[in-house]
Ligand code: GDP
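Okay, here we've got a single chain as structure tokens, the form predicted alone, with questions on binding and movement later.
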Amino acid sequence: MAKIRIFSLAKKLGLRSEALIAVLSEMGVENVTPASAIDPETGVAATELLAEQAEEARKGAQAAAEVQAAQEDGRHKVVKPGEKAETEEWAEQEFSPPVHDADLLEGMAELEHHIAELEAAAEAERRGKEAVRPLSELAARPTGERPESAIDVPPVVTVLGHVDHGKTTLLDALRDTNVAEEESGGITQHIGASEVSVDGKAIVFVDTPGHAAFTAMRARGAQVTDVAILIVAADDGVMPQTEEAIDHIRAADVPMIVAVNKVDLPAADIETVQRELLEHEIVPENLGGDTVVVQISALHREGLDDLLEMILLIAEVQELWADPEADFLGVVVESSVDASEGALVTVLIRNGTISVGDIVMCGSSWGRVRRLRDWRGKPVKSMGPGRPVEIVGLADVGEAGEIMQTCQSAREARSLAEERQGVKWESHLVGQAEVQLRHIQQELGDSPVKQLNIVLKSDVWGTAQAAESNLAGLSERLDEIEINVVHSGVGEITESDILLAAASQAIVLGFRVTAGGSARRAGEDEHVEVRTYDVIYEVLDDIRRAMVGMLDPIYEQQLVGEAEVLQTFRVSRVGVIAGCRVTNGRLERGVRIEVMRSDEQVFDGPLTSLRRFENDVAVVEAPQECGIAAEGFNNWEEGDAIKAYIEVEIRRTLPEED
């Protein structure tokens, strides 16, 4: 929230700037001028102090009037012997009313109005600051004294692990759904929240994909969780993404349960899994440690009761609670765009209650809640803390991981959204300018770095963020090529995406989205390449190939033959010809030759003429003899050593990841 200048505030209050500066001085705010700016909280304090002074002045004026009235009454009152006149009693009282300030008295109503106005500004500023506080702070469980209105809330459980170790199959078994068969490529590519009920007690599950492309999504899931399940396949053991998941769980500082899956397979090796866990300092309970390890078969639904029991036991120790009467605060788990309903935002409610009709703020987007749905899609009027809910009504999708809060009015929400959108748009314009500048530099030859500009669209924010993160990782692997994501968003590829790509000389990548008719026509007209995918690693593979194709070729000099000069001949119109014997490999017309004499190079250039007997030939193999000539060089001598080289293009590849 912008600060307010002293002269502007004084004008609103109907005061002279000097009067307001004097009050600020009493508050300890020194060295200010009418042009100085103060924050809304200081403005509130100064205005309240002015109001107090005005109230004291009013009371003083009233007391002075009463004194004067008493004096006038005393003149007409008969005084009995031994009694004092009332005027004398008043005169004996020590009373000195504050100095009367007519401006303050007349502006009392205006003061009260501006106190409320500045308090609202300060509150808006506080909300704005909170909105950019780290997720770990805002999304944390409430702590401190538990209010009477607080309720117990279900634990939030995150399932993490390596690709194809059975995370989605486990959730399918728990919630009796069939998500796994619907996933493209057999891997989970979204992050969502769902609920499981065990003997009347709810557990909220956040499913994070295990493919390497979703590291950022796994990290975000671990930040809002109360219990983390590390799933490890009994036949596969600890894998690269398993190690990453362990790091995320430790960074989030949450209790861990290890679920060893696929124990029913013949290749299952529990001892090997435990040994690999020990190498990562995870000590199971049966080996004297404090990590709960449960053996399960998600496919055959074995061991699931034990797993759920352990989750509830750990959650009970944490005493999780939230206050449904507190200010609403939620964390965006996922968002997408529906053609008929617009932005759909899935939120995990951390505190408070959200209801249909509430005005909510999320990043640079805001709106009035039109519909609420639980995790199964059932419409609800309101939803309390600890539960996931899908919200319809925001003007735009909120990015996964952002904080959602309620606002007092549409005016406040719109103002904050416009501020944040302005910052976001300025950043976007700066990015656009940088792209165009780099392109100009590249054309002028001032920049050795080639640009691969991309407009990225996805069906949900989580995938867009993961793809963008992995594209950045690819970009870091080469100094010659820089990947620049000009724009990333959610929803169908639109005509504006195509025009942006055309202006930025970018390609458009769509993940599980399509291009509308107008977008396709615009793509053809503007010659913009549009590629769509269903599996994220196909996107990354294509970009890798594109990067390799953009690399400048590297050529290597390869020795193809050697020869020795036996004698020299002078031929008219040709010059000196060297009679040679090819001692190794071959000589070819047009190759680069290096002539050495006593270990000193006397010529380096092309072999222009190659003859065998009376005929011009293209190649002479060892151990044949031939005559050669080189344009610009006639100083041949017997015994000269000749080496012949050709340029070979070296196939370029991306450096291996560390």
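In case it trips you up, residue 1 is the first one in the sequence shown, and so on. Please read these numbers as outputs of a predicted model, since none were measured by experiment.
A second form of this protein, the form predicted together with guanosine-5'-diphosphate (GDP), is not displayed here; the remarks below concern that form.
- The shortest heavy atom separation between T158 and guanosine-5'-diphosphate (GDP) in the model of the complex exceeds 4.5 Å.
- Though the partner is left out of this view, A519 does not reach within 4.5 Å of guanosine-5'-diphosphate (GDP) in the model of the complex, counting heavy atoms only.
- A residue is said to contact a partner when one of its heavy atoms sits within 4.5 Å of a partner heavy atom; T225 fails this definition for guanosine-5'-diphosphate (GDP) in the model of the complex, lying far away.
- Under a 4.5 angstroms non-hydrogen atom cutoff, guanosine-5'-diphosphate (GDP) in the model of the complex has T169 among its neighbouring residues.
- Residue V163 is the only one of V163, I257, I543, V535 with a heavy atom lying within 4.5 Å of guanosine-5'-diphosphate (GDP) in the model of the complex.
- Checked against guanosine-5'-diphosphate (GDP) in the model of the complex, the candidates T353, S297, S364, S194 yield a single residue with a heavy atom inside 4.5 Å, and that residue is S297.
- Stretch 298-306 is the answer when you ask which of 502-510, 298-306, 244-252, 144-152 has residues with heavy atoms within 4.5 Å of guanosine-5'-diphosphate (GDP) in the model of the complex.
- Scanning 259-287 for heavy atoms within 4.5 Å of guanosine-5'-diphosphate (GDP) in the model of the complex gives N261, K262, D264, L265 in sequence order.
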